[in-house]
Structures are given as structure tokens and as C-alpha cells.
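The data below hold one chain only, encoded as C-alpha cells and taken in the form predicted on its own.
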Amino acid sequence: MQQAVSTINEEKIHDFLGKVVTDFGASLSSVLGYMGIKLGIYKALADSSGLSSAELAGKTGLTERYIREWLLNQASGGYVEYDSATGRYSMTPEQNVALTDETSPFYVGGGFYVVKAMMHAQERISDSFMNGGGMLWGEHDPDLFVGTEKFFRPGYTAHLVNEWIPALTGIKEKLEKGVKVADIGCGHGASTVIMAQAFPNSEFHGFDYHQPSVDNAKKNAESANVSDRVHFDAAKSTEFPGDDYALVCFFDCLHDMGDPVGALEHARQTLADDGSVMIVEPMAGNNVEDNFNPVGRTFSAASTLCCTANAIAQGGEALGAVATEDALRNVAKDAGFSHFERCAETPFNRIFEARK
């Protein structure tokens, strides 16, 4: 039987191939972006009025021939600027902030660490595609933990205290007076420390099952001078200790958990009667096609390589990073909460409040 031959539209095939080549360049360039941050190349260039490849190599102590190629790539992608009249490269204020200022809400440097680390997982995840199973967070390249903190911290710094907490039912006033807070899946403790700095009368407890992350969180609390009110311990999301918490937080982690219902049920059991659970989740739509955008593309890729794999490795069904609001509401309902609503959002996150 002769197969039907599809007619290819030449303009459409060239458009599609253009997208593919663009992605090739972006994927390879993300590795160079990681190197630019790790080796201090961006910072050296930003702290200048313009440098040639030789001058930048001299300033950084790196090899000029590699710097020359790196600069060409970065200028091609619009990450740095090139002046053909002088042969020098420079950075705009916007590029500078996004790539070198870790205190800025616009800083994106952590994403390069995440991409680099997740690329290393492809062999394990490919095997999981064929044979099932998953991959725990703790089994990933260590840069994943560094990158996750660097990537999410700017958003938490910009929105957590000023917008998200005030959107919860009476929680800001309680934190100002002094209450107990639990931060579940705290990682390196960025969110915990931010809250502790803003509310000096309250006590904060961060829990994560990954001991190396807990160790880093303790160091970060000491550096921020809040270790007297911030305590970090290794514990599972379904077993963390304590009770009478006015606020229990899940920052970009509930969707990673093998038992999200059990985690929220345990949170409800440890919660004060008038307390709240804050669930911060990646931005996603309630329909598949709502995620056909750069944010949905990014989070669904991360979910495939990390989030879903971790939940499956823990024996769960996996919500995934693009879990719908309906799916999250059902998890909260199954955990015993009578109240669940979206109370705030940013281009990258949805913020939900659950109450008994």
C-alpha cells in the first residue's frame, strides 16, 4: 500500500527550521551564560566602560582566545553589546542588573545553574522514560541546589513580604506580634531568612529532607544574623515536628513531593486553628494550551527533568510544575482543608492560601 505524501509548505518548513536553530543557539549559549557567571566574566565586563577581548582576558585572568569566542556568542544573543568602531564590548544597565546583581528582583543568573544541572540528568531521565522510575532531588548535580536558590530568591525578595504575606488572612499582623512559622522544603533557606529579617518578633523553622541543603541553610541564617530565631532541620514533609504554627509555607515545592496530600494533611495537623498554609506554585494554566508560552515551556521542561521525576522516585503520582489550580485545590480538599483560594500572583508564581 502506497503511503500518502504530505505536501510541505516551503515557507513554513523554513520558519520551523529557524525555530530549531534558534533553540540550538540558546541551548549552547546557556552553558556559556553559566560560565560567564561562575568565572566572573559578566561582572568584570559590567564594571567597565567597554573592553576588548584582550582587555577582558587581562582583567579576569582568563585565556583571551576563549574570551574572544565567548564575547562573539554573547553579543550575537543580545547579552552584551558590541561597538564596531572601537572593537570593544560592554553591558547595558539592564543586562548588568539581570546577569550580575543578585540582590535585584530582575536577576536571572540562577537559571543558568539550573539548566546546566538538569542537562546532566538526561541519561537518568531517558532511562525513566523507557523503564519507569524517577530521580530524587538529592541525586542531581549539586549546582541544581545553588541555582534553585539563586533563581527563586529574587522573586521572594520582591514579593514575599510586600505582597504575598499581606494577602493572607491576618497573617502579617500575627507575624509582627510574634508567632511560629514552618517553611517546608526550605532548600537553602532563602524564603525562611527573608521572612525572619522582616519579622524579628517571630520564630521560624525550616525543614527539608536533603541534609546538604539544610547545612547550607544554617550557614545562610548565620550570615544574615538571624540564626537566633531561625532553626533548620532535616525532616520529611509528612513528618516535620512542631505544632501551633500560625503559618506553614510551601515555596515552589509541593508539586515535587511524592505525597502532596500527606504533606498538606500533616501541615493542617500542625497548624494553629486560625493559621494559614501558604502554597507558592509555578505559574501554570488550567488548560493545556494556557501553558503554550515561554513560562509554560520552561516549567514543563524543568518538571520533566526534575520535579515529576522526584515525585515518582518517592512513589507518588506527581503533580508536576504545571499542576492546574483545580488539581492543587483537590489536593488541599483531600488533605482536609475547607478553604482554598488564589490570593496573589506574579508572572512566574501563583500564591494560594489554605485554611482549616
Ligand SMILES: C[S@@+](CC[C@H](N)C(=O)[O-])C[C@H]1O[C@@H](n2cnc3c(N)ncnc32)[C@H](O)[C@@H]1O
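In this text, all values refer to a predicted model and were calculated from it rather than measured experimentally. Quick note: we count residues from 1 along the sequence shown, nothing fancier.
Keep in mind that the form predicted in complex with this ligand is missing from the display, and what follows is about it.
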> What stretch, of 246-254, 68-76, 197-205, 165-173, brings heavy atoms to within 4.5 Å of this ligand in the predicted bound form?
Replying inline: 246-254
>> Counting only non-hydrogen atoms and a 4.5 Å threshold, tell me whether Lys43, Met91 and Tyr113 all contact this ligand in the predicted bound form.
In response: no
> Between the options His210, Arg124, Arg268, His159, which residue brings a heavy atom to within 4.5 Å of this ligand in the predicted bound form?
Replying inline: His210
> Can you pick the one in Val277, Val80, Cys186, Ala182 that has a heavy atom within 4.5 Å of this ligand in the predicted bound form?
Replying inline: Cys186
>> Test of understanding: in the predicted bound form, would Gln314 fall inside 4.5 Å of this ligand by heavy atoms?
In response: yes
> Do Thr100 and this ligand share at least one heavy atom pair within 4.5 Å in the predicted bound form?
Replying inline: no
> Hey, in the predicted bound form, does Ser303 get a heavy atom within 4.5 angstroms of this ligand?
Replying inline: no
>> So in the predicted bound form, is this ligand close enough to Phe152 to count as touching (4.5 Å, heavy atoms)?
In response: yes
> Which residues within 226-249 place at least one heavy atom within 4.5 Å of this ligand in the predicted bound form?
Replying inline: Ala235, Lys236, Ser237
